[in-house]
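Form predicted on its own, single chain, as structure tokens, below.
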Amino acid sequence: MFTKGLGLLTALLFTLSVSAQHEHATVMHANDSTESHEQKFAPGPFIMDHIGDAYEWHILDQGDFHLSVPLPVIVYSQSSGLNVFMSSHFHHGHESYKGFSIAHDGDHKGKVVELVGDEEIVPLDLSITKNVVSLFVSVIILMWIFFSIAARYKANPKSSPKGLQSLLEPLIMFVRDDIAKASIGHHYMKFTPYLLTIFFFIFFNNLMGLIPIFPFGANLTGNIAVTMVLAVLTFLITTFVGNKAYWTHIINAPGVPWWLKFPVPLMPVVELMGVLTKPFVLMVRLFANITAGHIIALGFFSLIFIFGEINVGLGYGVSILSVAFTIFMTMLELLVALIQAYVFTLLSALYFGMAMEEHHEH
């Protein structure tokens, strides 16, 4: 019942949020356009704007009223040095501030650029964007939850778990026993903290991305830079803990016929490519699955406005099906949020286990 209620509430809030933002975009286009007709709804930019990062956190629109939280823009330029200001300077009729602006088209679309002469230069950007704020929020929530649980265990080591402790203990035991211990073996304890961290980090951020209420709703695990960092961490750990048998298997490939090693060492090249493709697969799988869920939901909402431009009654009719499919997708995304955290953690544990597996002569 809780899962169904969360799914229905999320879908309803997401519907209101998308409708309000589309209304605001239509009003802005109508005000800015010199043409007599209203600009048609463009589903591509609409979807990409929702799943992408931003220099402000949009909350709601009501008619001409636009509510958003401005975020710090921190850029370093070779000509003007370090510049720190709020993203609100880019709004309220101002297209640029201190020579900086947000590119609306071209290769640097959506990024802060500096206009030097007739050339757009991309400065070093260290801004606190929407995804960065979401990252901070998730880290604070995770630290608060697990520090409080750890304190309760230390204070009452023999008492039965209560509250969040009883809710998360089965997941903690599952990661430790069914993922770390089963995949790595007797060295599992030194990898368990890392595996628990990435599991709950991915799981919580997947869930937070489904709740379109500030400070939630950012597409953090659907950002390929975030998934790349997680994959690189797994790659580095696997590389540094790999034992002699692991590297011997990669470089020498025992058991492979000599004619596959001479005159060109083909098998070591294949094995080294496999070492590099493992973290790449981790990165792309998480990014693609989370992003695809958001795109599908936004695609259903886009149908409402596309058919609504043809006929208002047709738009209302399609909206019933769109909302129904979105509720179904939201329920499915709740399951995907857990599955993707499990898959990433399991594959990381398997890579650690293969890197530390001892070679046995037969």
Partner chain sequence: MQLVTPGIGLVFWMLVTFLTVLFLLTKFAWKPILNMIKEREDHIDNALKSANEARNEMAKLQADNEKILAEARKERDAILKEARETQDMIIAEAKHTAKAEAEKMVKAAQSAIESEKNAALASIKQQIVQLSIEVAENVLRKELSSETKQSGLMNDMLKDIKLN
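Owing to the predicted nature of the structure, the values given are computational and were not obtained by experimental measurement. Positions refer to the first chain, counted from 1.
In what follows, reference is made to the form predicted in complex with its partner chain, a form of this protein that is not presented.
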query	finding
Exercise: residue 154 in contact with its partner chain in the predicted bound form, heavy atom 4.5 Å	yes
Interface membership of residue 135, its partner chain in the predicted bound form, 4.5 Å heavy atom rule	yes
Close approach of residue 223 to its partner chain in the predicted bound form, 4.5 Å, heavy atom	yes
Residue 61, heavy atom within 4.5 angstroms of its partner chain in the predicted bound form	no
Contact residue in the predicted bound form, from 281, 276, 270, 189 (heavy atom within 4.5 Å of its partner chain)	189
Listed residue (266, 115, 82, 139) with a non-hydrogen atom within 4.5 angstroms of its partner chain in the predicted bound form	139
Proximity to its partner chain in the predicted bound form (heavy atom, within 4.5 Å), stretch among 208-216, 82-90, 165-173, 244-252	165-173
Joint contact, 126, 131 and 200 to its partner chain in the predicted bound form, by non-hydrogen atom at 4.5 Å	yes
Stretch 275-294 - residues with a heavy atom within 4.5 Å of its partner chain in the predicted bound form	287, 291
